[in-house]
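The form predicted alone is given below as one chain in structure tokens.
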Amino acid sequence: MKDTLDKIIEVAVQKFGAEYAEARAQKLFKTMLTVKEEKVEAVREGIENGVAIRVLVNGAWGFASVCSFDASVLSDATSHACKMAKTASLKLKNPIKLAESKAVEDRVLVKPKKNPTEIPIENKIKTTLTIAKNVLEYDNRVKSCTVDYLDLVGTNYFMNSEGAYIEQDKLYVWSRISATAKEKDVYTFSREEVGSTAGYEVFDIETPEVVGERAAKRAVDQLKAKPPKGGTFPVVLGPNVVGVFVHEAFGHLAEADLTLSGSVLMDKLGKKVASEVVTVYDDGTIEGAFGSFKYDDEGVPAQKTLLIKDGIVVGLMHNKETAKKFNAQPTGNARAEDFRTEPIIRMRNTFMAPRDYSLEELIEDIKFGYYFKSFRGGQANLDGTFQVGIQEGYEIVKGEVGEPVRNASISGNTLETLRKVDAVGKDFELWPGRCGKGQTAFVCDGGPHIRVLEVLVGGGA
């Protein structure tokens, strides 16, 4: 593979005068399953092999990808990418320049206890069916269950014109469990996700029985919940909600390409945007976490990137292009879903750092408010507005957790909400997930429990 990629770089640089060229190849094996109720709806297995070629010619990008390792096909694709870049450069006002990064040669191995490629497809189907069975048999009020399963195993190869060559094993195991329950005219929804970069052994811990019961119990428990009061209240957010808030409401704003596109952080570097108890990281080095890897798709080592320190914005997530524009260093956040796509800036494991409060201390001073434990979904805009749906929540009355509430949401302005975080817990959890930004990326997010003095809660009047 090294010789194959070397020829791509040689053609781009010597024949077309590319000031930078990179080639990414992948040899991956993928399994996808969907089970609805206790019936297998879809099963797909297959090999995903191909090469991505990206070149910088006259200050403009060109890109091509092919499902082939044939030398003539790759030569033609390289030629196409270079010609594309030359054409684009004719209309370019500001030529693209890249920050320098150290060229490394490395071989990154993954050694799972249970390699998903060695697990028979029948066993994977049995696992997903068992999850569905446990959900549906938990309570007769549970009406539906969908289980999605994905595993991805193989090797990525990277070479660039700066002298880097990296062979990096990839391994992901992921499952999402969705359940609904109904009683009279009340419908509820529950979702759980399992994700690991360790191996299929994740199901020895997150067993079908444990995961199935957790998803079903939440759906059933919410049947007796009531709508929350609409208005502004103090809230305690659990790690699951903190994670999605930090990811959706702040993390995307701190991806430097979106910052340049007009996010509210554009003029906030070095300025206070949150209370002094708020510190936020995006870290690609956490062992076993769903968003971790050793090198990104530009060959830059993953690192622990500090975004907010004691309330002050101190950094952004960069690729080599945005790092040059900000006079910063690449942070190892360039990621591509596969060989068909160009790398863009993506989060890895994004979280708020813990402090020193217990959950009881966070709750005890609240006369009336809410404890939101688990999220249902979230979205945010570049202007800093956000909304996060809650799938599990409770009233807080006189410093005690009270009755459950359903169909709640929190919304507001990200920076205003971060300024109202007055206490941060000492616990810490990360939750796996998949993030969409035109491409899908495997990520984690999380943090400790936190208390927000006031936030807009959606619900019944």
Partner chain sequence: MAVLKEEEAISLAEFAVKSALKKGADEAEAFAYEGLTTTVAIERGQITKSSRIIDRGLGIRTIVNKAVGFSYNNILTDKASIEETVLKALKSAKASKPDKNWQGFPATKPFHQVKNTFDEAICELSPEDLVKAASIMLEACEKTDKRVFPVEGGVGASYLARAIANSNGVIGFDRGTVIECSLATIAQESGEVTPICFEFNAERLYKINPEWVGVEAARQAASALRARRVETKNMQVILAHFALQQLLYYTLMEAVKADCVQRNQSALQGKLGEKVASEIVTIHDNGLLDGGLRTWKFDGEGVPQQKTTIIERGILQGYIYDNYTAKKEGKESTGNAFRAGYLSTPRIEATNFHFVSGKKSPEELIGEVSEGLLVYSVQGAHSSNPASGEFSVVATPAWKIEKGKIAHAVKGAMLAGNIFEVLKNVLALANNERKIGQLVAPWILVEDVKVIGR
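Residue numbers count along the first chain shown, from 1. Note that this is a predicted model, so its numbers are computed, not measured. We call the rigid core the largest set of C-alpha positions that still match within 1.5 Å between the two forms.
Just so it is clear, the following notes concern the form predicted in complex with the partner chain, a form of the same protein that is not shown.
The partner chain in the predicted complex is not approached by K426, whose heavy atoms all lie more than 4.5 angstroms from it.
Using a 4.5 angstroms limit between non-hydrogen atoms, E416 touches the partner chain in the predicted complex.
Residue contact with the partner chain in the predicted complex: T197 places no heavy atom within 4.5 Å of it.
Contact annotation: A71 falls outside 4.5 Å of the partner chain in the predicted complex, judged by heavy atom distances. Every member of the trio N49, I121 and S409 reaches the partner chain in the predicted complex with some non-hydrogen atom inside 4.5 Å. Between the options R340, R355, K324, K294, the residue in contact with the partner chain in the predicted complex by a heavy atom within 4.5 angstroms is R340. Of the residues given (D383, E364, E100, E276), D383 alone sits with a heavy atom within 4.5 Å of the partner chain in the predicted complex.
With the partner left out here, the partner chain still marks one of 295-303, 176-184, 159-167, 202-210 in the predicted complex; by a 4.5 Å heavy atom cut-off that stretch is 176-184. For the partner-free chain shown, D257, L260, S261, G262 of 246-262 come within 4.5 angstroms of the partner chain in the predicted complex, judged by any non-hydrogen atom. Taking 2 Å as the criterion, V40 counts as shifted between the shown form and the other one: its C-alpha moves by at least this amount when the rigid core is aligned.
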